[in-house]
Structures are given as structure tokens and as C-alpha cells.
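Take a look at this single chain in C-alpha cells; it is the form predicted alone.
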């Protein structure tokens, strides 16, 4: 259980409006060198969520007033129950799936489109890129990962779904206004005539500590830092995993960030004692779309 730590600021709990599911656990079909939870084909530290587990959490979430749902991993499409999970979720609210895009073949994309059309709520797909092309993306994610991700985007687009493309700061120059416009042009070159783009900061945890660097001692919040709870996702979101409910998607490898077995257990303030909390505070990071 997380206890208040006088050395760090504490974020109040404002109400649960966003719920995440670590639906594929930490199992992935890639081994990205910047992954903040080191997901990989042989990482089973968090298991996949089955349909009954997700349904129990959805029932609790609806009672608590959750407004939107996110699914991540690992690679969510490695979970064979994902479509049944999405169908149930889309009866409760809008859903977003975070994927590397490699498993988005035309058949799956057509099935996703049917789910989207059959719900009054929206279904979004987020596909991750880490560079302008295969020369830098594949250095992070492995051979042919870029071309396969772009193929997944095109399959979604052709099925009638416009993906949100997320790109990390590892794509050189993307963070500025000019870089953003250039990256949108890059997406248009793939055939996405109405591109949607989200730029993400790096979290210096997991594999990223070995690829780049870990957090510096100075990159920690202190009790003197003034925080804005409205800018922090931990004030209004939670993450369901096979090992319980955690405060956010970033900290599932830290036992101190586990807040309980159920959503109701987790509805309380949290001490911002982790270096990654510094990134969220300073850069205004949110995992939401």
C-alpha cells in the first residue's frame, strides 16, 4: 500500500474518469530498446487479462463513472480475447487500443471497423512510431518494424478507421512546431490524408535506462514543488493489471504504485515519489489521447 511520504508532493484523487487495462500483460511481439516496462516475447511479469477479469473491472468502472477506456501491453492484439473485450467495453464507453501495428492485417481491421460501427461510442487505434523512417524506427524496434507498422496504418485507413499515430522524441526534431508539421506531411505520404499525431516524452525506466540513460538525482519532485492535479493523470486514472490496480500505466513495475486489488481500493491520493513523476509534472505528459 502506498503511504504519504513527507519528502514528496502528494496528488489528490479527484475522481475516476479514465481506466487503463494492461490487457496483454508485458508480453509483446517486439523487444523495443526504449520500452519503459521492458515488454518482450519472454517477459511475463504481468500476465494477460482474460475476459472475466475485464468484465468485473468494467462493472465496477461503470458504477464509479469512468468516461473512457484504454488498452495496452505488451501488444494488445496478442490477447486472443481482445475483440470480445472491446465489444464489451464499447457498451460502456469509448475505447482506445495502443498497438505497434504489426498485427493489423486487413481481416482484423475490417473486424475493428464492424465493432466501431456497432457501438454508439468511438473506437480508436493508436500506432507507435519512433522515427521518420526504417533507418531510425527499426533501430529501436527491430528489422522491418517500420514497414509493417505503416502497412497496419494503411489497413486501418482502408477499412475506414483513422489511426492516431504516436511518435516519441526519439524522432529527431519532431517535438517542435516545424517538426510536427513535417511529421504530419510524412503521414500524409503514407496515404493518411487526415493524419492524427500525438508526440510522447521518453520515460527513463526499463529498457530505456540501458539504451539512453536513467533519471538523474535532480530529476525528482520534492515537497516544495507545486503540482497541478488537473495536469496529472494519476489524479483521475487507474491501471488494471493481472497483479492488481496500479496508479498509472508508467509505474506497473513498482510495487509501491500498486494501490489494491479492486478499483475502489485504489481511489485515494498518491505520493509522487518516483522519478517518472518528474517527467509527467515538468512536461505535462498524459498517456491519454
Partner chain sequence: MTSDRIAVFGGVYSNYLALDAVCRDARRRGAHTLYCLGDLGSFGPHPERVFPLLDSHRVVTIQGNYEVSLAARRDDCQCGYTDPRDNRFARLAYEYTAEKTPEAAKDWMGSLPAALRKDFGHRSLLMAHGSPRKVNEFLWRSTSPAPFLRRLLDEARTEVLLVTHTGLPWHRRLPDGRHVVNVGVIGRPANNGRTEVVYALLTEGEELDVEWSWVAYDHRRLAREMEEERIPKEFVETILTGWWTTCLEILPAKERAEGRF
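Just so you know, these numbers come straight off a predicted model, no measurement behind them. Numbering follows the first chain given and starts at 1.
Omitted here: the form predicted in complex with the partner chain. The next part is about that form.
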Subject >> Listed residue (124, 87, 138, 169) with a non-hydrogen atom within 4.5 angstroms of the partner chain in the predicted bound form >> reply: 124
Original post:
According to a 4.5 angstroms non-hydrogen atom cut-off, is residue 81 in contact with the partner chain in the predicted bound form?
Top reply: no
Original post:
How about residue 155: is it within 4.5 Å of the partner chain in the predicted bound form, going by heavy atoms?
Top reply: no
**OP:** Examine residue 273 and determine whether its closest non-hydrogen atom to the partner chain in the predicted bound form is within 4.5 angstroms.
**Re:** no
**OP:** State yes or no: in the predicted bound form, is some non-hydrogen atom of residue 144 no more than 4.5 angstroms from a non-hydrogen atom of the partner chain?
**Re:** no
Original post:
Would the partner chain be touched by all three of 62, 119 and 197 in the predicted bound form, meaning a heavy atom each within 4.5 Å?
Top reply: yes
Original post:
Just one of 103-111, 213-221, 130-138, 90-98 has heavy atoms within 4.5 Å of the partner chain in the predicted bound form; which?
Top reply: 90-98
Original post:
Heavy atom within 4.5 Å of the partner chain in the predicted bound form: which residues of 9-25 qualify?
Top reply: 15, 16, 17
